[in-house]
Structures are given as C-alpha cells and as structure tokens.
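Consider the single chain below, provided in structure tokens and representing the form predicted on its own.
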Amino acid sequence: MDLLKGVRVLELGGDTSAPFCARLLADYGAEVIKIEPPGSGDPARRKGPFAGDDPHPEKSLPFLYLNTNKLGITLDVSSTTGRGILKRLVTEADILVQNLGPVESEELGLDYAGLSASNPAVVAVSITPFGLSGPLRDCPAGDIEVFAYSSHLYHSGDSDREPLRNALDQSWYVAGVNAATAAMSALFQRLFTGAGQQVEVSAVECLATHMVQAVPYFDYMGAIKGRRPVRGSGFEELMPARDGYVVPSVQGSQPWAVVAELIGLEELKDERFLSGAGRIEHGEELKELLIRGLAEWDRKPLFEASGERRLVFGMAQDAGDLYDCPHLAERDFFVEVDHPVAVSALYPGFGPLLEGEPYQVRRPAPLLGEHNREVFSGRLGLSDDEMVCLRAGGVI
C-alpha cells in the first residue's frame, strides 16, 4: 500500500505496542526507521518462540512479525551525542512513536514540547499503560495488569472460578492499533493547522472503552455485571466436538427445531426446550444432551452444516487451522516473507483491504543496525570516520 508514501516515522521503545503502531503505518506505505539500543536491540529480539527453536536475536517470531517493512538503525539516545543525532532525525520526521515511561520520555525530550523545538510539525505518539497524567502515570504494567485494571479480566470465565486472562499480549496490540489511528488523524489535522501535536495513548483506557455493556449497566442500575453463569445450557460458549471445540448458538431467527435437527438428538426436540425460558430452566439437562450430540460431529462439517441452515455456529481454530484455512487462502491473507537469517515463512497479512491497494511486504524485519549506513551516511551525511567513532563509542 502507498497511502502514506512520503510520510516519515521514527520508532523508539520496543516490545509490542509502539512497534505494532509503526508496523501498521509502514504497511500503509510510510517509511519507518526503527531505533534500537546498540548491542542489545529491541527486547522483543529475546522473546520466543524462535524460528527453528533457535534462540537467536534475529529469529524471534514476535520481532519478525512486528517489524516487517521497516528500516532499522542502532542509536544510544541516552547519550548526549545520540540525542543530538536523534534531533537531526526528528527534523525530517512526520511522526515519532514511542512506548517509554513518562519520566524517561520527558528526560529524553520525546514529548511534543521537547520534539517541537526541532520540528513543530512532528506528531509525538506516546503509548503507556496508564497515560501521561494521573496518579498512576508512572506505574509499570504488563498485559495481565492492563486487562485487570481495565475490567476486562473480571468479565472473562465462569462465575464460580477466578477470572481468565486474554492471550498473546492483546492489550498492547489494541493500544498499537489505537495509536496508529490517532497518529493518522493528527496528520490529517496537520493539513489544516500546519502544526503537530501530542498523541497520548493509554492501553488501559483503550480497553476500558470496550466496556460498553458493563459500565452503563452499573451506571444505570448500580449492579455489577459478572462473568457468565456456571449452570448454562452450553450455548454461546466453547463446547467439545469430536476433533476440538465449537461454539453452538441459538442466535438468529431460526426456530429451535432447526437447531435440534442439526445436532441430531431426538431428545432435543422435547417441548421443554422450545422456549428460551425453558432452555434456561432445564439448562443442565440441555447441556448434557448437547455434549452427547456434538461428540458425533467434527468442527468443520458442523460449521458448514450450520451455515447452510442459517445458524450461527462457530469453530475454535488453532494456528494450524488458520494456516490451512481455504477461506484465508482464497483471500491471499498470508504473505511470504524471506528473511536472511530466519529464512522464508508465511506471515499473517493485513486486516483492512482497500480497493486498488494490495497489501505487500516491501522488506523483512531489519537485522540489528542493518540500515545504519543508509540512514546515518546517506540521510545525515556522516563520514566514514564519524561512523567509526560513533561505533567505537557505543553510540550506534
């Protein structure tokens, strides 16, 4: 995609949220320069799993996915010389995205007040757990703490058990998506004002905005919406099928007889189950029948058969199912990325599709410091001798 062609982005920080934000901007065509600490690089380089089960800093699967389509340089921005070089890069940047803590960010001059001294038009994107103000602004937090504080954790799982956390650091991906959207909005506003601005993204608040039922429920009724009841009927929850798990559902306009006929047990046609109230009252018995009936089905045939009857049954797919999914294959969802160290593999593609703008991977995730010469010499005009000195001093 070339929608953001000509837009220059600097990325600082690491791990997930800022890299995912910058990755999305790169996917839309922006030129992203990823800045990593010399020697150690992005902490995500040490996060498994690794390609070939080899714990190599160039083979971290999270790093490889999060950093495609980017240039990569090393720069110690905590040093005086490094900050001077960063200021020169900022003068040519449209966006700087980072996920450092507020204190460190301010000390490095990465807030808009500091960056605008070099470039008043720059959009300064900060991603933190709790935001840049408030009593918790300096508190560190991981994915599980963000889910817990945002109230999402409380609503996951069965009511007689402890809450369930979400998987795969999703809070940081949600924050990254919000940051990318806000950054593009700020760029659009800059067309009219000519000025940049501070974009502040709180991961907790990004998730809390999704509590569209629980919060009004408390506000209007003074009641806490809890986790799902234990004695359910088995519908709208994961249930075992013969080869995995499915999500049977009674949503839609089809009568109960269609659901009962699909699952295939005569006992399900009992008049006690015809109404929603009856299915709740006799939920435990219904759940036992559902377990018996679903045990005769494989996930995919059940999913297809339910769709033919205009029922909403889902199947829980694992990564292998996604990899072999004919629907995703038909839509060219996976793209092949050839990396010089981790070799070739299929990567998940892009969610939104725009007409006439096919998704493409222009380059794999950068090796540590791979584009130092291209950026420092080609862009900033540093000589070979200056490069040697900077490298010897640990600045790059």
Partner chain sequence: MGNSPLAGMRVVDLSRVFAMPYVGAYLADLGAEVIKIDTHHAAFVDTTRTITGPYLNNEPGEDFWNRAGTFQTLNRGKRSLTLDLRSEDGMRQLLDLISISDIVLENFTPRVSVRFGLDYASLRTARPDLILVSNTGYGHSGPWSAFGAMASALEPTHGSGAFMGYLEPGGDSKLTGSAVPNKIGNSYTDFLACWSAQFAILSALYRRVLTGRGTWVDLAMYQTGVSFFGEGLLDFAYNGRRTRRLGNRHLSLSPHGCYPCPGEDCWVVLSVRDDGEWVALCKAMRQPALASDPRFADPMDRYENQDELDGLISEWTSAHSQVEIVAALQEHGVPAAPVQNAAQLLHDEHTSGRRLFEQIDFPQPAALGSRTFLGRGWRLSEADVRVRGPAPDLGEANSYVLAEMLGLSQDTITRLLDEKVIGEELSGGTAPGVVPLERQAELGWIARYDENYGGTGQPCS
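Residue numbers count along the first chain shown, from 1. What you see is a predicted model, and the numbers here were worked out from it, not measured in a lab. Whichever C-alpha set is largest while still superposing within 1.5 Å between the two forms counts as the rigid core.
Quick note: we don't show the form predicted together with its partner chain, though the next part is all about it.
Comparing 258 to 266, 97 to 105, 187 to 195, 79 to 87 against its partner chain in the model of the complex, the single stretch with non-hydrogen atoms within 4.5 angstroms of it is 187 to 195.
The closest heavy atom approach of Ser249 to its partner chain in the model of the complex falls within 4.5 Å. Put simply, Thr74 is far from its partner chain in the model of the complex: not one heavy atom of it is within 4.5 Å. Taking non-hydrogen atoms only, Pro38 never approaches its partner chain to within 4.5 angstroms in the model of the complex. In the model of the complex, its partner chain sits within 4.5 Å of a heavy atom belonging to Leu3. In terms of contact with its partner chain in the model of the complex, the residue from Leu274, Cys139, Ala121, Ala117 that brings a heavy atom within 4.5 Å is Cys139. This chain lacks the partner; the member of Glu285, Asp298, Asp321, Asp270 within 4.5 angstroms of its partner chain in the model of the complex by a non-hydrogen atom is Asp321. In the model of the complex, Pro163, Leu164, Arg165, Asn166, Ala167, Leu168, Gln170, Tyr173, Val174, Val177, Asn178, Ala180, Thr181, Ala182 are the residues of 163 to 183 with at least one heavy atom within 4.5 Å of its partner chain, listed from first to last. Relative to the superposed core, Ala277 undergoes a C-alpha shift of no less than 2 Å between this form and the one not shown. For Arg190, a C-alpha deviation below 2 angstroms is recorded between this form and the one not shown after rigid-core alignment. Comparing the forms between this form and the one not shown on their rigid core, the Cα displacement of Asp318 stays under 2 Å.
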